[in-house]
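Coming up is one lone chain in structure tokens, specifically the form predicted alone.
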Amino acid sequence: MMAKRKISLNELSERVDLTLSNLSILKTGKAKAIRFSTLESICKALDCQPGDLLEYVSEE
């Protein structure tokens, strides 16, 4: 979604007021959870819906 919107990780970090390391963890899929407020901020900055960013993957 970031590539589609032509926005860098640095710019997104500034827009949503998160550290680069926290955004990187989210981007790489290593995060165990995300706050709804954080998800909302990212969606506003990228003009998208949560479903555009999230994917369910079974641990089986």
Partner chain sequence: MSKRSDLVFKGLHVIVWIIFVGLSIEAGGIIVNFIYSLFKPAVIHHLYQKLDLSEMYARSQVAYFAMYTLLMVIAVMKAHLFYVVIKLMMNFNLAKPFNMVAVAQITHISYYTLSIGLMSYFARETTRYLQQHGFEVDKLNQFWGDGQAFIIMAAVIYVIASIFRKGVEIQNENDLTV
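Small disclaimer: the values here were computed from a predicted structure and weren't measured. Numbering follows the first chain given and starts at 1.
Beyond what is shown, the protein has a form predicted together with the partner chain; the following relates to that form.
The three marked residues, 2, 8 and 12, fail to reach the partner chain in the model of the complex, with no heavy atom of any inside 4.5 Å. Residue contact check for residue 25: one or more of its heavy atoms lie within 4.5 Å of the partner chain in the model of the complex.
With a 4.5 Å cutoff on heavy atoms, residue 38 counts as touching the partner chain in the model of the complex.
Within 4.5 angstroms of the partner chain in the model of the complex, the stretch 20-37 places a non-hydrogen atom from each of 22, 25, 26, 30, 31, 32, 33, 34, 35, taken in sequence order.
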